[in-house]
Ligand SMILES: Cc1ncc(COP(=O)(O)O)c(C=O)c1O
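First comes one chain, alone, set out as structure tokens in the form predicted on its own.
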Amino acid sequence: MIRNDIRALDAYHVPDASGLIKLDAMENPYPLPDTLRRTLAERLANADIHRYPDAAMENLREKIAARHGLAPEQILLGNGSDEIIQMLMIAADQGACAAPAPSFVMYELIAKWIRRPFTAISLDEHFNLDADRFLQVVSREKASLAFLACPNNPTGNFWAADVVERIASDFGGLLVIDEAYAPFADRDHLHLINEHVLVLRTFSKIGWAGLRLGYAVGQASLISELNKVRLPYNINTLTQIAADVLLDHFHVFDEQATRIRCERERMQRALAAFPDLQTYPSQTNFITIRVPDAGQAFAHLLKKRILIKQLGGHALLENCLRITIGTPEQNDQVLEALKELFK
């Protein structure tokens, strides 16, 4: 039968976005160019789907590693970064898992699934992280695994470099720096990788959300151990082929990320002009705002056929909304809808 603690959980809900401007899930709003779509279709048409996928994925790991000037042995591939988070939860030494709060919900959710104790360290009212307090709590709770989303989801901000570096230096367990939004940020943390620090990445935010491909970057010895809890054939053949093609045309996605960053800055300036709306700094492809009544604002935008994310689950997120950066036309529609609400 099913465990009682699982029965008590709610399933992860994904709202139906049919017919809506979908700005709730931090996806790249730009489709593949037609020429690249045709190239991809030709390769996929010849896929040997009657065979199991390439289990070692060496060619794919080589291409990803080359982007970072690393060896393929330093790359671990997962079915989205979520699967790698689950691998880490399974493989890490016994003890609590820790993360700031609010942050990516899957850290706590996966910990609950596998019955690993979870410790949340609250951010301050400006969504900043206190390194001293974080280290005190993880020491008190005997945490063996910690996650830092840099930049953070759902708040969008980057914690100061010295804060992240201090935690990486002084935390005694395995630290995972989750860089899901690295394509939109001003810095990364690959230089911090060592025997107890991993960096987590995903291709979902740059335009490959449907492929479900994430990866961890770390020392080869640590990646080798994590591979022992990776399910065989965890990356399907079609995803492997598609990623191989798209990596050869990565300039397309770099250009799209630049456009998204430009739109983010334009949206931040426009949103800051609303007197009843508070915006927060963002180094991601979304902007988090606080309004007088989040439920009212969410419903108003939904009536305009615009789907965003109403945040909750933590006191610091009261009346907060998260708006994914869309195309210029989609962003203009968001601004027009908000003008009607805050006129």
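The first residue of the shown sequence is 1; numbering continues from there. Treat the numbers as computed from the prediction; the structure is a model and nothing was measured.
Just so it is clear, the following notes concern the form predicted together with this ligand, a form of the same protein that is not shown.
Although the partner is absent here, residue 170 sits far enough away that none of its heavy atoms falls within 4.5 Å of this ligand in the predicted complex.
A residue is said to contact a partner when one of its heavy atoms sits within 4.5 Å of a partner heavy atom; residue 26 meets this definition for this ligand in the predicted complex.
Remark: residue 202 counts among the residues lining this ligand in the predicted complex, judged by a heavy atom distance of 4.5 Å or less. When contacts are judged by a 4.5 Å heavy atom cut-off, residue 239 does not count as touching this ligand in the predicted complex. Judged by heavy atoms within 4.5 Å of this ligand in the predicted complex, the contact stretch among the candidates 78-86, 138-146, 221-229, 94-102 is 78-86. Proximity to this ligand in the predicted complex, defined as a heavy atom within 4.5 Å, singles out one entry of 74, 256, 153, 119, which is 153.
For the options 180, 111, 197, 217, the residue carrying a heavy atom within 4.5 angstroms of this ligand in the predicted complex is 180.
Residue 107 is the only one in 107-131 with at least one heavy atom within 4.5 Å of this ligand in the predicted complex.
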